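Take a look at this single chain in structure tokens; it is the form predicted on its own.
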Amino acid sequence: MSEHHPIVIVGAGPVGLSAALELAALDRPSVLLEMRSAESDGSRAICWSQRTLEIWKRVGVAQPVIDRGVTWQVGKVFYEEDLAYEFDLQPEPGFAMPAFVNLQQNIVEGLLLEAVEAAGVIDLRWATTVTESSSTDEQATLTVDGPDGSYVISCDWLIAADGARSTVRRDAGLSLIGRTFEDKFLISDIRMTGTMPTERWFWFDPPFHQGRSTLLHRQSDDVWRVDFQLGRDVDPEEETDPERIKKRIQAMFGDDIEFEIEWVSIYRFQSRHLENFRHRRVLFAGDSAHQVSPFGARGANAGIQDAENLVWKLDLVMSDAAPESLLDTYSDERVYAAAENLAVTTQTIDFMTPQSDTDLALRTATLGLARRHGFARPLVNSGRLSVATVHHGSPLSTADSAVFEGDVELGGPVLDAPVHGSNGDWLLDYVGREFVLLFYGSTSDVPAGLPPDLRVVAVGEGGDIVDISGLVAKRLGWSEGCGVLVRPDQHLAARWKSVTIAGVVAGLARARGMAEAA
């Protein structure tokens, strides 16, 4: 038996599910293959960033995640028993989405699956294992084993979101480049009733785990993530023994602590990515394309951004509205993002696990100074938390011809802000799924003759929406008469102090991968 479909996705984790939902929002059906028979059975990823929530808001999943999860924005770093550093991930108000929400991956997958079922155009096939895959310049082909036996599926495009042990990547003969670190870490997700605040707490060399580091983070349903650094030469089987874990938890919280172990895992830092995320008709996303340290929550959140970046480009190519080469920019931009994330997390690893006496002495001095002097605190590195990638130097961006003083960078996502309008209360409610020109001024001031397939949103008195707090102008750094071209993934493609038809036409063509800007 064989069958053919326009799009097949391998892997029904958060990345594969998000890609399927993004496609469904564009009326693109997909077949989603998953080797498991149900969603994940452990916490795994738990921290979901503001940018991920903004992406999920467009498919109706953000609010359920927020309602079910734990919202937080403050982190504290301790050295021994003293507070060394404190940070706030959202010091300025005026965003629809919180800085971070903690929610166990298995619960998140359940919420995404509810949206998948409601979408009606996603064919999710559980207990279906890819045994062989290949790709030509015309199509990808999969041999799979499902509940009813073995069969062949071909497709125009294959999205490989099948994780760190990707079968599709293996069959393509592709390897990840980078490093694997030897230090091992123990994740212990425990259920207990605690009075600690909803913050991220991290210790270097605490009295209850001397010479190592420990992370404490709250999840929903009174579940707490406790992450212990173990070192290199440890026995994983011994370290996951419940009695040994119990002793570690008691040393941390006291002998009277009452708790249940929910989930346990041993891991090592990975810092690797593919050199190219596109291989003929296969497009890699998430852990199949890149693997990073979990400290900083940059793995799953980057994978969600992969899906967001990919889907609008794939839609344009399949609609013959853009050349196939537009998909090469998916690889260009997301390889750049992966390299950036790996550089950041590698710095974290080097600080957390000094490889020499000199490195250890430097870290000890930094932590000691941080307790007393503000200049040293930013040097303390317990994980730089996930932020949206700014695609510097993207071939889809039109270089600025003037200086903009705002918070949004060219190639980065437009920052949300409260507005008043008929379709929503936030700027991002008006941006996404298509190219949009944000014009600062009234509707009557919008230049005539703009491309008919470009949606224009006038911001200001007499416009489509009103910048009620002034944050739109502040964050975009614009003034009357300015224009901003926003891509379907809400990233900034071009901007002008004065909008001209020729400039917009050229910028739009470039952002679609169809021509160089004039």
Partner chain sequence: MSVNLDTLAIDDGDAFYEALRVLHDGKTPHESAVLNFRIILLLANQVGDEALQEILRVATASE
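Residue numbers count along the first chain shown, from 1. Note that the structure is a prediction, hence the values are computed from the model and not measured.
Below, we turn to the form predicted in complex with its partner chain, even though it does not appear here.
Contact between Gln347 and its partner chain in the predicted bound form is not found at the 4.5 Å heavy atom cutoff.
For Leu362, a non-hydrogen atom is located within 4.5 Å of its partner chain in the predicted bound form, even though that partner is not displayed. For the chain shown alone, Thr358 is a contact residue for its partner chain in the predicted bound form, at least one non-hydrogen atom being within 4.5 angstroms. Within this chain, Leu369 lines the site of its partner chain in the predicted bound form, having a heavy atom no more than 4.5 Å away. Residue heavy atoms within 4.5 Å of its partner chain in the predicted bound form occur in exactly one stretch of 374-382, 391-399, 144-152, 68-76, and that stretch is 374-382.
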